[in-house]
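Listed next as structure tokens: two forms of one protein chain, kept apart as structure 1 and structure 2.
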Structure 1
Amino acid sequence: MVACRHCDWLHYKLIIETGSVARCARCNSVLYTRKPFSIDRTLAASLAGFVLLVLSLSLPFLSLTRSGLNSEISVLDAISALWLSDMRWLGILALAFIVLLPLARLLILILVLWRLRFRLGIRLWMCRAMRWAERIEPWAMAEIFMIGVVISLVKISSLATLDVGPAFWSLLGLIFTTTLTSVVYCRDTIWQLLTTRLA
């Protein structure tokens, strides 16, 4: 049996075709899905996101030129500047929400989905890891950081010449791949594989 998350109406869980959606008979909300090639697509998007995240941390993010002086800053430099300017809590939060949580979620998805994709065996820790990946998802806030950056660029553009670096575009690509991961990720398919193969 499966209960509707919105109205609690109980349904018998049926096997649906790939690409289909099961809806509640009472309120028509989605009960469960079966997205095509969910593991392959989610794994590919997670691998791309991991590469883009590493690039966004290692390459220059912004370049500022004023009165003949030029300086470059990376994402980690910005976090370090917050730490050194007595805004340590803000630096810790920025490091957690922009770097550590997205990185942890991507690594969990890659590790678990890689083992599922290549049938390397199911372990109990994989179920626990996937629960953590789903809990982390709302807190990985690279897109909020980008909104703040864009607002800052608008304000600073009148004071100096700004050039966005490759890390800016990498972070933008990371936001796109994170969104793509959420779209192609089929929770029901992956959890069914985890539970049935573990049993």
Structure 2
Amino acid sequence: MVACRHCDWLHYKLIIETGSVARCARCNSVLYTRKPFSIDRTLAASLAGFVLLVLSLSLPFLSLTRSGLNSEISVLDAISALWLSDMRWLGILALAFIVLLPLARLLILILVLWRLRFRLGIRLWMCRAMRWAERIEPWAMAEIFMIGVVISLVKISSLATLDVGPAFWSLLGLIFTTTLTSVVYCRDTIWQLLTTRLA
């Protein structure tokens, strides 16, 4: 049996075809899914996301030129600007939302899915780690940061000349892989693997 996550309505668990979705009879939310090659695909998307995130953090992001003066920033500079203007904890919050939480989530996904994919054995800490990965998800805000970047670009364009650096494009790619991860991620498949082999 399975209870709907959103309204708690009880259903018998049916075996559904690969690629189809079971919906709650009462609130119509997704009840369970069976996505094809979920582990392989999520692992691939997470690995790509990790590479892009590391690139986004290490490369220059935006540069601004006005009257011969130039300033170039990376993502980390935007965060340290908050820190330096005595907004310490807001800086930490932004660091967590843009850097630490997305990084932690990707690392957990890679580690757990790698072990599942190559059958390296299931440990209890993997369940704990996956719970954290799911908890973190709404707090990882790279895509919101990107919208913020676009708004800033429009705002400053009248004041100075702006150029986007390579980190801008890798962050754009990161948003794509993050979306891809959530599309191919099948929590039912993964939790079933994690819990049945453990028992």
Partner chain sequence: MAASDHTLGLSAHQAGLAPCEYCGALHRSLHTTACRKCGAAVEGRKRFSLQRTWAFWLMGLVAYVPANLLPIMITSTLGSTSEDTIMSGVIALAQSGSWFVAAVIFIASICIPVTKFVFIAGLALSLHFQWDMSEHTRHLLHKITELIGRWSMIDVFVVAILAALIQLGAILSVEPGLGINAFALSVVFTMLSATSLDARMFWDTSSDGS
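Here, rigid core means the biggest group of C-alpha atoms that superpose within 1.5 Å across both forms. Computed from a predicted model, the values in this text were never measured in an experiment. Counting starts at 1 and follows the sequence of structure 1.
Visitor: Identify which of the two structures, 1 or 2, is the form predicted alone.
Guide: Structure 1, not 2.
Visitor: Aligning on the rigid core, do we see the C-alpha of residue 150 shift 2 angstroms or more between structure 1 and structure 2?
Guide: For residue 150, whose C-alpha is compared between structure 1 and structure 2 after core superposition, the shift is less than 2 Å.
Visitor: After superposition on the rigid core, does the Cα atom of residue 24 shift by at least 2 Å between structure 1 and structure 2?
Guide: Comparing forms between structure 1 and structure 2, the residue 24 CA shifts at least 2 Å.
Visitor: After the core is matched up, is the C-alpha of residue 14 off by 2 Å or more between structure 1 and structure 2?
Guide: Passes the 2 Å threshold, so yes.
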